[in-house]
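Before any questions on how it binds or moves, here is one chain, the form predicted on its own, in structure tokens.
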């Protein structure tokens, strides 16, 4: 039996902010879930199973929260699965949910991802000791900054590229009502003058700490036919992983990322991603990762990614818009950040992205990564139902 086509028919997000003191974790998730159900014009009674994802439990200090969230998500008496793949978990969670529909295990699945970073301190939670190295890093930026430096040395990229990415994404965020950071007075000069946190990463080139949740309703062909708005159809999805540390690991362009993208393109029949994909929602927690991932995902040849950024190709009105929503640089509830990329890609091909809509978008890529460039998850969605 062939796989069932999978459609995204409902999408909901909370307004992402630094701290949601007005709701519990359960209330935060329910807010996103109810918005996704309203978008699909469904209720909890129409959902067959729930798949939930978040980053490490010690970020909030609540262990295995899925055990008490079933009530808030209408999952009492229904299958409920928890997914965890570090920062890529939002993407992986959506893929697990999509596979349940594709495999005809369930017809309609609600998938939700979240983080409530205000209830813990993720930066220090991520300040883990690295074997055989001096304990000098603080937060994820301390881990990834040397990889950025390696990219700059390898490609000859000038040091202003990171500021160009940050300036673009923060301006895009102003067009997204759900984005966390709305810096109306942002200028390129302000980004360049921001304090250096982890050389070469400046304060304005880093992601915020956000509270937020996102939800999607996934269903089969029959379910999609009953929904009022056009669906986004899944054309390809994949996950890959590799160890955080091993001899020969390429931290600048990990093999697992290349393999994951290649699998997605194969499923979707993509032979030239630069020309065949209309928009990209890419996981960029530090600005320099835009040019790095452009190369890793096959949009640019090795050493050429930064040139696309510098030429304006990735601007909202460019040939290949990257992070029209403002991306992780503007909104980062860690466990949800990957799913937000997937959901925003779906919004683009549904024509429902509002002010940050890419005109004529028919195919969009959602991308997430996590751990020490260790876990990768991606999906490609389109406005048209896949033919096979």
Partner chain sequence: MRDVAIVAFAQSRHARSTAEVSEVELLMPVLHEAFDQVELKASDIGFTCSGSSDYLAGRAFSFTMALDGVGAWPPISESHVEMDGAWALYEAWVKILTGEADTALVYSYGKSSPGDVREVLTRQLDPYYVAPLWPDPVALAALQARALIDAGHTSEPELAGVAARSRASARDNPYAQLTSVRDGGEYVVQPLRRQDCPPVGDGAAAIVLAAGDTARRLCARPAWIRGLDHRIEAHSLGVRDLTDSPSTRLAAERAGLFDAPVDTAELHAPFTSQEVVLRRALRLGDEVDVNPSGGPLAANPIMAAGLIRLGEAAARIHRGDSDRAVAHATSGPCLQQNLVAVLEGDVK
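Numbering follows the first chain given and starts at 1. Just so you know, these numbers come straight off a predicted model, no measurement behind them.
There is also a form predicted in complex with its partner chain; it is not shown, and the following applies to it.
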statement: Within 4.5 Å of its partner chain in the model of the complex, heavy atom basis, the matching stretch of 157-165, 255-263, 278-286, 218-226 is 255-263
field: 4.5 Å heavy atom contact, residue 85 and its partner chain in the model of the complex
entry: yes
field: Partner proximity in the model of the complex: residue 46 to its partner chain, non-hydrogen atom cutoff 4.5 Å
entry: no
field: residue 61, heavy atom within 4.5 angstroms of its partner chain in the model of the complex
entry: yes
field: Close approach of residue 240 to its partner chain in the model of the complex, 4.5 Å, heavy atom
entry: yes
- request: Would you mind picking the one in 183, 71, 189, 272 that has a heavy atom within 4.5 Å of its partner chain in the model of the complex?
  value: 71
Contacting member of 76, 311, 193, 301, with respect to its partner chain in the model of the complex [4.5 Å, heavy atom]: 76
- prompt: Has each of 32, 358 and 379 got a heavy atom lying within 4.5 angstroms of its partner chain in the model of the complex?
  reply: no
